[in-house]
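Below you will find one chain, with nothing else, as structure tokens; this is the form predicted on its own, and questions on how it binds or moves follow later.
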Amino acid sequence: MNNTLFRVCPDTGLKFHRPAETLMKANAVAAVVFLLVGGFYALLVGLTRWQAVHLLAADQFYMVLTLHGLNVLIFWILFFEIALLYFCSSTLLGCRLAAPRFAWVGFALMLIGAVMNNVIVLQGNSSVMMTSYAPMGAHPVFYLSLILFAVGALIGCFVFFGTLVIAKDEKTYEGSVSLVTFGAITAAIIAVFTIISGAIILIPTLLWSLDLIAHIDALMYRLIWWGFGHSSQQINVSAHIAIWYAIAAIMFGAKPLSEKVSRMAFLMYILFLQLASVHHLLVDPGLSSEFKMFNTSYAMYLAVMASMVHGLTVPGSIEAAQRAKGLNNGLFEWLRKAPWGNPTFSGMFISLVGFGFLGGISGVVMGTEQINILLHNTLYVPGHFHATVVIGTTLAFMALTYWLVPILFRRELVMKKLASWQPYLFGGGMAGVALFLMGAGTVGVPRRHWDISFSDAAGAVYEFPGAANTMLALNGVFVILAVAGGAAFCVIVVASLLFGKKLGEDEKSPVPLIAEPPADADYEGIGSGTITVPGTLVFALVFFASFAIYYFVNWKYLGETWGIS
């Protein structure tokens, strides 16, 4: 092994392969740029849905909504995830990256595709939103750009798998790969399924847009597209949960309560998580009732069980480590004395709570076939995925970035006070966005309509409850807060990379960047009686109570939609 191609981080002892390090930096920077672009469009969408402001005209709104969805749900997240895959393979396993030149080809295809997509949508003839449902057509370049981006991401996944083979062959680690790397493997396997699903439908749709195919069946399109559209979010879930485990180890020296159980939960994601894609199709004809019922009433809960395992073991591992360090009084001393001023921890914990309580509970409710008919194609749907993809995934990615700036880029963070508040501003803003979008959806506000007053529809008279306008106004306020939090993150990261104090390759950061794990003996006798993590158990009971109450409230709503006499 050529040691000139590696550097050892003085703070963590991690071994960075220099070509992999450069690729991680390029993907991470591209990710932040597209987050900034998508966040700007988010502000325009929120201010247009706010009926008193109603910023954009209809044609501009649908164009901006298309740009917002693709930039933040696809481009920002997948660029970051490719950087994460390289980190979890090359860096965590201490080996060289497989085929760096191919990795650069993949990065170039992703960048070209993302830029092409933004340009063609801005030209105004491809405002088909992220789902781009046929027979609504876009310019051929729209589909081509997504195909190029997907091929680039697929190359990144193959480079990741190749790196795992190199690490195994060169014996750069002992035993099994770490749990964090195992979570990344889960994300990459789901990514391959996702990208193949996209190719299966986007390639013929491109040919259709070129008039080389006469017809695209709308039901077939929706069925296959959601294998791409929804499964792409399952990549995110696997990735951000791997980050939760990583941050628990980084900040507290925590180890999973049961690594075997956590690995099994990741495996269940591979086997069952894609089934949740069907909740977008529960009001569609063409799928049998038996399939819908099996999918939403039985199979999906196996994926939900996996998420609940992670939701228990991540805070449980933190609690156990904190108690092993002496914070063993009462139920919550371990949590009260956690480093809440550190954005890496606060971002991760807000991500965990928001994903579980807002995203998880709403996802199960929306994925129930009977209740789905109340909520489908209302603003409840984007409310749900702002809780999962934004509070859950984006905030977790932000939290890890604060740790990676000195580790990967060798720069000290600037504006540390603003950084300590940023997760609360962004997480709190997005929690409000999710809640008020779901509230508006609950009273029936449609998901994609530009104007709920239907001012541009001659003869259409329908008045939503007064609460609808209130919900959309509050959503607009929290959009502003969330965008301010997102902009603060981008400013902090960019300013740190440009102006932060440069750290030498052998120079340690003035702030400790990794915690010493407690000794095994320190774990003996912690907790309360026979319960090792009583605080986490209380959180779990509160979660189950909240879920049960909300679940049956929605059944009550369903029961009130028609009378039985």
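Here the structure is a predicted model, which means the values were calculated and not measured. Numbering starts at 1 and follows the sequence shown.
Separately, the form predicted together with a small molecule exists; it is not shown, and the next lines address it.
Looking at 170 to 178, 472 to 480, 95 to 103, 137 to 145, the stretch with residues near the small molecule in the predicted complex, meaning non-hydrogen atoms within 4.5 angstroms, turns out to be 472 to 480. Put simply, residue 235 is far from the small molecule in the predicted complex: not one heavy atom of it is within 4.5 Å. In the predicted complex, the small molecule sits within 4.5 Å of a heavy atom belonging to residue 69. Taking the partner from elsewhere, residue 386 is found to have a heavy atom lying within 4.5 Å of the small molecule in the predicted complex.
In the predicted complex, the small molecule sits beyond 4.5 Å of every heavy atom of residue 427. Exactly one listed residue, out of 540, 45, 503, 37, brings a non-hydrogen atom to within 4.5 Å of the small molecule in the predicted complex: 45.
Proximity to the small molecule in the predicted complex, defined as a heavy atom within 4.5 Å, holds among 379, 184, 159, 318 only for 379.
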